[in-house]
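Heads up, the chain below is alone and in the form predicted alone; it's given as structure tokens.
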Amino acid sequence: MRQSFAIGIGGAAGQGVATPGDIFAKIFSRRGLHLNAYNAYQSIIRGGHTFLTIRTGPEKVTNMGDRIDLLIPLNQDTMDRHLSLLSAGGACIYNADTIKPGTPAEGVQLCPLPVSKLADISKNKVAQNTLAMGAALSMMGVGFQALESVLAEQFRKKEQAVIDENVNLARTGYDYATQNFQAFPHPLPMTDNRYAVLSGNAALAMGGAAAGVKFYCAYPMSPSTGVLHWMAEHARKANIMVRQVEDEIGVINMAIGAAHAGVRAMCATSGGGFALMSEGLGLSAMAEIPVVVIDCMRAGPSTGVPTKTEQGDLWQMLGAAFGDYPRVIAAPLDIGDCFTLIPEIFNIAERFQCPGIVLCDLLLSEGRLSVEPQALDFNPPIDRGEMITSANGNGHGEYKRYLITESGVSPRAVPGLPGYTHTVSSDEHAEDGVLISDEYTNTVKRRAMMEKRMRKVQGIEASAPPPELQGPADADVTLIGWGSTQGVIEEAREQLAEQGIKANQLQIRWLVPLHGDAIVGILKGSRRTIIVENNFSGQFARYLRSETSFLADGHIRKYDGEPFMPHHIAEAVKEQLAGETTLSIPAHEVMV
């Protein structure tokens, strides 16, 4: 199994859980380590419960893992909920003045900090946080200089006295742990590698900038709001016009308007906001104006559980708008892929003048991951398709915006070019864009135009690669996932291999086109197939069955708002291979 070290930091919203997480992330990345971070929190500003897991190691870390090695509870609630996540060899650093430890598992070291003796808590309400960070790094074998430099950076906008106070507190906690607590047997390693640390939302936004997006708009809706934040912060430097709009109806129409004017336009929302965009997507399809929409899924229906993750919007995307029209839908496999996917889907959307939908989720949007800097290509191939941007002496004849072609794609002229005047509307139309339904619906023209648009589907299918099988060909079981379950399934396969069970994996990135024939061809060679997804009804299983008639042998589903842990999948696979069930619904071990 891969070597890793996981820290869990928990407390009430407003107790400062995020700052220690940011500091640990910077220290780990500067030691050349991979990391993965996930924050489980409630949708209230103060109070409630927040639990941040940050896992690091010299090898790629793709998920939050099964257990934690170090627990830092900032209140009693966190201690009560999460102490059981520590196994033998783990440790818990806590404020001995306010928290009672409970009974840990055998081999867990309790590390009480006498906070009131070590700090003046009347002046610094979050002193326990800084003391605990110092103590933790001492036990991990990390030199104090690493923490001192990050603290100076973290508080650089404040007065020097604030920086000095935090550095002194951290040194006090560091020294106290060195003298009173047993260090972890293996110091945190260091490598010569360097990684970028990104949230999924930042990666989506950066991918848009790399793709050449020049217009971005959104209405703030978690968990997609981070895309708007990045865009607003970097708008001038990236030469992107950014607008916060009054609602999602305005968002989609404004994005379509910008795309019609000739620029690459993008917007992001979550399931509730996307519902308001559906009619606008139909306009994008009928007027053949390419636009890219990001849906960051959260647990529904309605407001649902707005700060929890789920893969529950697939059928909403498949049925968005009404009528038949070509589209492309893709689900990023990890946070790095959030960046990579955006230029790819823009190229397809613009080549075939259709809507592109990115199906992300809270796990990726608000999670953080270490990414190889060289994987962030800010000069990706750009293909804008058959786009006319200048008259070039050819604009004196009749221009047919919706010319019927063999490929279904008609040359698209930027509005305002001399000689390229044309009509664009949401109604069905003839080749010149003139409506066919005002006086008499010309059935021949309607059929020809519908067939023209739908011929794009073949080109879209050829542009998106089919999925490939990962792992041994002679596996006992094939695990099928889509989108963000990529990494956790990979680690579950490692756990199964340790127990003598061979598993391979088919991870779906392109949902439309699905490449159903290729998928069925791969799965025909599988001994047993199990579909893994974060929703109640098995939305992908149902989609695959509707498109191919393929029935999986088993299903693993989770819909409690929290993501899969590797052992959830490994244990469910063993149950199903033993014939105990064909549907496994793992229970989350702790209340979060």
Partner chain sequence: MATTATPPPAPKVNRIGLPVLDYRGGKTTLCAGCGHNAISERIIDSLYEMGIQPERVMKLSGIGCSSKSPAYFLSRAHSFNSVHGRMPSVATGALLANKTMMGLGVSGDGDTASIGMGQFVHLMRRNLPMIYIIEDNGVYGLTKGQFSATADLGSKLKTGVINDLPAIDTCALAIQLGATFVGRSFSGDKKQLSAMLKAAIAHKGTVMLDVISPCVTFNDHEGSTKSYKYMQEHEEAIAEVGFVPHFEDISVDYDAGSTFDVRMHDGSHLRLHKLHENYNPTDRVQAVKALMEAHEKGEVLTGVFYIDPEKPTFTELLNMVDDPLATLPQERTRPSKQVLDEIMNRLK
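Positions refer to the first chain, counted from 1. Computed from a prediction, not measured in an experiment: that's the story for all the values here.
The form predicted in complex with the partner chain exists for this protein as well; it is not shown, and the discussion that follows is about that form.
Between the partner chain and the residues 239, 191, 168, 116, the one pair within 4.5 Å by heavy atoms in the model of the complex involves 239.
Interface residue among 318, 430, 198, 409 relative to the partner chain in the model of the complex, by the heavy atom within 4.5 Å criterion: 198. Not one of 83, 133 and 140 comes within 4.5 Å of the partner chain in the model of the complex, counting any heavy atom.
The partner chain in the model of the complex is not approached by residue 164, whose heavy atoms all lie more than 4.5 angstroms from it.
The partner chain in the model of the complex is not approached by residue 158, whose heavy atoms all lie more than 4.5 angstroms from it. Among heavy atoms of residue 209, some come within 4.5 Å of the partner chain in the model of the complex.
Of the heavy atoms in residue 506, none are within 4.5 Å of the partner chain in the model of the complex. Of the candidate stretches 300 to 308, 125 to 133, 231 to 239, 515 to 523, only 231 to 239 contains residues with a heavy atom within 4.5 Å of the partner chain in the model of the complex. Within 4.5 angstroms of the partner chain in the model of the complex, the stretch 248 to 276 places a non-hydrogen atom from each of 249, 250, 253, 254, 256, 257, 258, 260, 261, 262, 263, taken in sequence order.
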